[in-house]
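Here we start with a single chain on its own, the form predicted alone, put down as structure tokens.
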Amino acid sequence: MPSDSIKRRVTVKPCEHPSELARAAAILHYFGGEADQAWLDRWLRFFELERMHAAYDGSPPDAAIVGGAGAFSFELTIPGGAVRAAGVTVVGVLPTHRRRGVLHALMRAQLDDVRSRGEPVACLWASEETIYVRYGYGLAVSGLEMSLARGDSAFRGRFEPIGQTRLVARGEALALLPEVYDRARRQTPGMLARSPAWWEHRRLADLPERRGGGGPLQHVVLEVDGQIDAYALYRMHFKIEHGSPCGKVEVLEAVGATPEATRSIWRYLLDIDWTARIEAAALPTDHVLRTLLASPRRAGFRLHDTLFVRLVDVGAALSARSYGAAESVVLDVRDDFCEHNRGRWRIGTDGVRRVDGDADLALDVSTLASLYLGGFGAFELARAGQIEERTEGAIARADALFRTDRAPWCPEIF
């Protein structure tokens, strides 16, 4: 915790001019980049300037900007619906000002702003995951990485793909892909709504510096009975050694609106000629390939963390989602950074409300965030010592209430 003398030297305020945004994007220092005019022009096409908080060493405007924290205005799919959410991004403090309370001040200002906007939830991808637990964030979504030799890509049993695949240009992709994505998004906790500007200037932007030695971004769609039911975004990394292809297909995103379409779009990706491997970095933990591949162990699936969630308004966030058929449970929620969330909350199929009296379970707000999207179960978190059971059988009730029929998935880093 920073001392009072340090906190008095840090001033945080929203950016009012692009030049402030450029200086507040301190995270680019660590990524080896810079906020030049080209970066600003592109970024401001899908980012609201006033959602960037700049940290000054002293009082503005004469003091130096030494850090910043931004947020996108998102809609997050949750079990049973969706909720407004702040997508926290470009958070960083210059190395000259580490350990001076700058990040603490930024997180305080940002979460207060998120609450004032009526966004019950904040979420982020963490470059250093241990940092954000201090501010109430909990790991809510995990992902899988895959690296599969093309020769090991056979499916179990007999498989007949459906529909027809075709490659489309960027303009047609902009017209066709959002509808498929939205159909899948509405079914999948953890996915985020995308604006037209996001599709054009972020998801389908094919910047040369992001190709990593590969070719241009490819867009393929799967059409079934006159309707686009799946798509994939991928990049070819062509290479030949000793006369044989040894390159790879890098799958950036593959989305199906139905299980049948998902299986078929992946069959297309696994069958691309003149390549040796298929790689993907952000698959859901219950991805169909885990049970569809004849030899899933050869896919080298590796688990990693993806989306962290912060319940900014516990009552509103919990009230927005649906619950399984189980008796209600009373949670004693601890929140050292947002004191308005502290207290006891009764959760059940008939709603959520703050209550007095004894609690059935006690947990930190970051642990509640891990439960929120269904990515982790109450039994699992209790075994790790993250939930205290005060009433026998309460963990089982909470597990049934928060359980979902599919794993949450966030397919894109922001």
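Since the model is a prediction, treat every value here as computed from it, not as a measurement. Numbering starts at 1 and runs along the sequence shown.
Keep in mind that the form predicted in complex with a small molecule is missing from the display, and what follows is about it.
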query	finding
Triple contact flag A154, I278 and F301 to the small molecule in the model of the complex, non-hydrogen atom at 4.5 angstroms	no
In the model of the complex, R100 touching the small molecule (heavy atom, 4.5 Å)	yes
The small molecule contact at A126 in the model of the complex, heavy atom, 4.5 Å	yes
Contact label in the model of the complex: H104 to the small molecule, heavy atom within 4.5 Å	yes
The small molecule contact at P284 in the model of the complex, heavy atom, 4.5 Å	no
Candidate from V255, M191, V91, A85 lying within 4.5 Å of the small molecule in the model of the complex - any heavy atom	V91
Heavy atom within 4.5 Å of the small molecule in the model of the complex - the one residue of R117, R134, K239, R342 that qualifies	R134
Among 25 to 33, 352 to 360, 43 to 51, 378 to 386, the region lying within 4.5 Å of the small molecule in the model of the complex by heavy atom distance	25 to 33
